[in-house]
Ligand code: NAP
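What follows is one chain in structure tokens, specifically the form predicted alone.
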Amino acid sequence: MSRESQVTLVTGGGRGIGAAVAARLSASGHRVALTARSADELETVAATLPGESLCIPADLTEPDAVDRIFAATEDAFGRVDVLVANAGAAMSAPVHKTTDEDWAWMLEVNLSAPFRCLRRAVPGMKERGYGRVVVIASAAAKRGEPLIAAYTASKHGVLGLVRSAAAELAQTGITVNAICPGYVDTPMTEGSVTNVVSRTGRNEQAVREFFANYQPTGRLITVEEVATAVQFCLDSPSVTGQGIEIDGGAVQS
């Protein structure tokens, strides 16, 4: 299937990685449906895209949200060929201070929502004999880190989902992969910096440098680098079931 005829749905498309992925795929000819909670952010991103786009404000944790998002995309563009499940959240706390609510929220946003999107996307993709699913996971899907047990568990879980779905769908024309970035230069990382500063009183620049130095390359990953990895997954029919690290060498497979 040519890029020019593909329809892509990007969750968490209002900023950061999602916005960069939308820009990359729109420039290569995709019709792009964007969803996120903020209508204003979606409209801002859509205004920058060179190709046809659709904005669907929604909260993926609401019971009917996934069906509504897919239905709106199918009504406008006919189908969903590519799903980029990018929406996610992060929080940090020691294990013994992680509440049931914290735990449930991380699993709901980072694992259950991508699962529901994948489940909704697969039947149409199977019927057409073609599909690409890319989940934006995290380097935390590959290793344990202190103070982020709930987040890490959710990302390990979504990588397991990707691997299992890829094995199940291997002969259908559908590939399923995860991108596992380190710390990316996004509003989410900026929020993590602010959180650490407020909790510890550490110098803001020192905290930002700490996140940059998580990567052996000594810098934050750019959103464009993640978007390039997504494009690679779309263009590579024999790449499936992978958790591709974009982390400056922090996790070495």
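From a predicted model like this one, the values you see are computed outputs, not experimental measurements. Residue indices: 1-based, along the sequence shown.
We do not show the form predicted in complex with the ligand, though everything after this point is about it.
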Worksheet item: Within 4.5 Å of the ligand in the predicted complex: all of G14, N86 and G182, by heavy atom?
Response: yes
Item to complete: Could you confirm whether S38 comes within 4.5 Å of the ligand in the predicted complex, counting heavy atoms only?
Response: yes
Worksheet item: So in the predicted complex, does any heavy atom of V193 sit within 4.5 Å of the ligand?
Response: no
Practice prompt. Using a 4.5 Å heavy atom cut-off, state whether I136 contacts the ligand in the predicted complex.
Written response: yes
Practice prompt. Find out whether any non-hydrogen atom of L54 is located within 4.5 angstroms of the ligand in the predicted complex, and reply yes or no.
Written response: no
Worksheet, complete the sentence: Assert contact_stretch over 46-54, 183-191, 23-31, 200-208 against the ligand in the predicted complex, heavy atom within 4.5 Å, equals 183-191
Worksheet item: Though the partner is not shown here, which residues of 39-75 have a heavy atom within 4.5 Å of the ligand in the predicted complex?
Response: E41, A58, D59, L60, T61
